[in-house]
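Coming up is one lone chain in structure tokens, specifically the form predicted on its own.
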Amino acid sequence: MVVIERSKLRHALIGCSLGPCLGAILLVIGVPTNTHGQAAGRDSEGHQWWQHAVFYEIYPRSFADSNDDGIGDLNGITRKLDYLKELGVDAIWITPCYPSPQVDFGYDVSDYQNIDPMYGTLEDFDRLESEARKRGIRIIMDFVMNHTSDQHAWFKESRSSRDNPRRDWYIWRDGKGPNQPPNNWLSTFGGSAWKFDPTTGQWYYHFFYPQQPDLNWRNPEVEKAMFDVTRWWYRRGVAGFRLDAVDTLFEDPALHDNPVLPGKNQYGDPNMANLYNTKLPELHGVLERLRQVADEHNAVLIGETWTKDLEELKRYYGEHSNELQMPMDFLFTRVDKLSAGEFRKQIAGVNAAGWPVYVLSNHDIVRSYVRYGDGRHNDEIAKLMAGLYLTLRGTAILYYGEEIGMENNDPKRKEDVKDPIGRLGWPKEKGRDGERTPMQWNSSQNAGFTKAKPWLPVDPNYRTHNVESEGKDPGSILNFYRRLLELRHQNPALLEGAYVPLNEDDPNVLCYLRTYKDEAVLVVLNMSAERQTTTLNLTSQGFAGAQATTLLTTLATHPERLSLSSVSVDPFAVYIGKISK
């Protein structure tokens, strides 16, 4: 759950204006051997299944509507599993579908052990999990750790009296004086982070909306209850969890005021460094203990982790590799332009840090088609970016619609905004509706998502960018993704190989090898609008051959073999070839 000034999102400066640099964690577990075979453990090379997997994030409200009420649901996802299998997806992460008042579209959970009726039932979930398992696809649930809804039974008990047994499950404090909150902490959604409750005459803390009171993770009963929730879902067959807003789990018990910075944020509040209520050291103790629970279930922890630099990212692996196996590298998304040099530097850094996890977009980030597109070559650039993050060493997480070139459909008027942060911050902050619009399945009304009025309007580009139309076009973004993912799954160098940068001074063309035993895959990406020519000498890498055998390319001509003595690539073109010793 990330809230960022929209003007900065437009340039992909993700998280730069956020004081807290919100973190979240994706927890992915291996499924027992009797359901997924050898993939539950290590393969013959010693790799875990998630190191070879491709993940796909689904925003359930917007993916597929099976009952034509305008809102996507679990049965809709089940109907599209064959599409996901054909695409090359190994695991799907579903954003919150638990019962919720929907103040923050499900990130205000009122019951962690059920399904919201708008999405279906537990039986519908069981059917989805079973059908996905038949296709070798794992299900990953979103899990909101930092807070509950104020309608959760725990909070209702907590606020009922000062001596209720669950009073200390949340953060309650006296104010500094009449009508004065305990300190100057601000909610990331605007205004004070404290709300006065007249029933007991105290203030409760909420890093997000007032309807999302923070849990007290210093209370061991809270930790046990939350960890037990994960165990309950494990037993139901869930393959894992994305753990939301983990950086905000702990607060300074002395409630020191946060430093105030110059200027105002998008809500008109003072800018503030969240020094005393984000990324406290106690967080890492929780992650270590969570790792122990995950290990009991053959699990891997993957972090959707907002960090200011690579050193901070490294800490999430744990000093003894006992926290997160795979923190997601959102520094990658902060490369806000097509720059071979900047991407090269970022890739090298995360490779040195540990096992990389790459994303281009998600439900909080403006779609990559918009961020990197130039308005003329957007389809070519979409393929270029796929050629980048799907050929690197590491694990990739796709956002639904990325594979067909979906655009942002941002609201034009305040009255059309559904996302609360857009309503609060308009017009400077338009909210996140634009990247959450319905999946575009065909060119019929509402892009085949629903026969009713969709909860968000479909982007007009659905007429040309949809699954049905692109499936028939050999040169489409969708078919490029399909071929690339098939190659990724089958080629040993792309699965196992090391990352070796080439021609590191080239400002326009990003080149690298993925080397594995006696073979290598060459990747050449032209990040400019001009035709570029480069020379590759691979003798020092042990590959002295002068040619590459073409595996996949977007070059206007499709050579079976490519001479490395003079590699000429079209604007925004991708070339992937095999080299053998």
Ligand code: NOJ
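The structure presented is a predicted model; accordingly, all values stated were derived computationally and were not measured. Don't overthink the numbering: it's just position in the shown sequence, from 1.
As for the form predicted together with the ligand, it is not shown, yet the points below apply to it.
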item: Non-hydrogen atom within 4.5 angstroms of the ligand in the predicted bound form for each of F189, Q212 and R432; value: yes
item: Heavy atom within 4.5 Å of the ligand in the predicted bound form - the one residue of R371, H206, R138, R436 that qualifies; value: R436
item: The single option of E470, D104, D150, D73 touching the ligand in the predicted bound form, heavy atom within 4.5 Å; value: D104
item: Heavy atom contact within 4.5 Å of the ligand in the predicted bound form, the stretch among 399-407, 338-346, 286-294, 239-247; value: 239-247
item: 4.5 Å heavy atom contact, R334 to the ligand in the predicted bound form; value: no
item: Contact flag, E304 vs the ligand in the predicted bound form, heavy atom cut 4.5 Å; value: yes
item: Contact flag, D364 vs the ligand in the predicted bound form, heavy atom cut 4.5 Å; value: yes
